[in-house]
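One chain comes next, on its own, written as structure tokens: the form predicted alone.
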Amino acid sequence: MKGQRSKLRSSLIAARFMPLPIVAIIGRPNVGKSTIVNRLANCQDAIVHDEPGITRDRTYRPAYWGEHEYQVVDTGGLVFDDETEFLPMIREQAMAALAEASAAIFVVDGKVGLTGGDEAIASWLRLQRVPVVLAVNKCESENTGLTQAADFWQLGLGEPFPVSGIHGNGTGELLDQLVTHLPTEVLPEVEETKVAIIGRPNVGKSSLLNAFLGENRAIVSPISGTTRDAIDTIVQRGDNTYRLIDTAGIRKKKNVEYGAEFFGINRAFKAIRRADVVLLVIDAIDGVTDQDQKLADRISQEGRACIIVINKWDAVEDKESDTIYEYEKEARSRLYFLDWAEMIFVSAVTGQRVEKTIELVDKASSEHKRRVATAVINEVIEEATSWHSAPVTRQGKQGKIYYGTQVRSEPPTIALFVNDPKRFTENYRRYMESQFRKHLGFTGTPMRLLWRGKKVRESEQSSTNRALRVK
């Protein structure tokens, strides 16, 4: 009982930092909860597949109806009389979702009709202190919808609303009832750092998420592929707010069949693109694999800030004083795509150095967004070219950098205006990047150098002159 109160308290604390009220979607497996989520959130983010148990963790999506904004949280299918693998953990996740919710939508299957499982869930919901709206899904025909819904009056949860998650029939009436239970005052939006947790299956991504939160937010199991969807969680540390995105393990493409895993991996790639910082989680026992290298390249190509997290360090046997340094040297040689990223050795199980990871996230995020004055950039260029002048071509023509300026952040991008980009070899371009990093930092984030030739400059100046003449 004490443990249940602690989990409830943790969920309520987490809810304080949610910018919008939460609506939990509850129901048996395969009644169409994720389809309802997609309909309410006006998206196709929740994985919909004709297989019970696709949704296991709780996942959040923003939604609105009229003037009301809220977050809808999808949960796994509830089964109370079965202790099969994952089902007890799915129940725990659904209960946690309900603990932080302002209201719940109980989804039942209008085609199947009332079942014993529905009655068991209804009995449990009547004991909770959360308003419940009853949605009878799969009522595609408006003519028969009321008849399909009629049986569900006996659940004792008020009016059953016939709806179609696929076509949208009846959702307006359902939402009109729902918003009467939502708070009128909404917490203000807060600036948050989006952190995606990425890696191969079973490297400890969900365990790392739970270690950050101090609660069982995501289902953790030794069976690979437990997390099917990208899962957002808000966590507060001091004055900073973080959106942690747990994702499905990413296997080699040839090993992935079309279906739930395929969609889950696509969500993981989307999570990389929408993140400010990516935590690339590596299994300390397995070391850096070919798949880890491909993920590192993907992170770099997407221009995301990154921390390399070596997890399960507690499981490495016979460690000596120099083991960590030798391991880091070997790992970095294989993860050369991310030579700018910081590396940390942690144990999600023991909590070793997990909090230190947040500090590195703050640093990487700050560097990812940082802008540098043009005068400072040109001082670095002058210093760098004085020590190592630009190369000379076989025809005796030398490259010249006129000036540079930062044109964007996230990632930091510097345009270098030169006489001819072709006169700068790849080695010299890497030299210039190393000089910018040496003098300006940008630790934890990729950076881009744009080499702009004289013709480009003349074209831009001509366009400016034409615009001035028009005025």
Ligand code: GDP
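Rigid core here is just the name for the largest C-alpha set that superposes within 1.5 Å across the two forms. This one's a predicted model, so the numbers in the text were calculated from it and none came from an experiment. All residue numbers are counted from 1 along the displayed sequence.
One more form of this protein should be noted, the form predicted together with this ligand, which is absent from this view; the next part is about it.
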Can you pick out, from Q71, S300, T385, S207, the residue that has a heavy atom within 4.5 Å of this ligand in the model of the complex?
S207
Answer with one of V112, A315, V130, A120: the residue that has a non-hydrogen atom within 4.5 Å of this ligand in the model of the complex.
A315
When this ligand is placed as it is in the model of the complex, which of 270 to 278, 94 to 102, 159 to 167, 319 to 327 ends up with heavy atoms within 4.5 Å of it?
159 to 167
Using a 4.5 angstroms cut-off on non-hydrogen atoms, would P446 count as touching this ligand in the model of the complex?
no
Does at least one non-hydrogen atom of N311 fall within 4.5 angstroms of this ligand in the model of the complex?
yes
Would you classify P201 as touching this ligand in the model of the complex, given a 4.5 Å non-hydrogen atom cut-off?
yes
Partner proximity in the model of the complex: P421 to this ligand, non-hydrogen atom cutoff 4.5 Å:
no
Going through 322 to 349, which residues have a heavy atom within 4.5 Å of this ligand in the model of the complex? Please give them in sequence order.
S347, A348, V349
Aligning on the rigid core, do we see the C-alpha of S164 shift 2 angstroms or more between the shown form and the other one?
yes
Hey, does K111 budge by 2 Å or more at the Cα between the shown form and the other one once the core is superposed?
yes
Per-residue C-alpha change between the shown form and the other one, N378, threshold 2 Å, rigid core fit
no
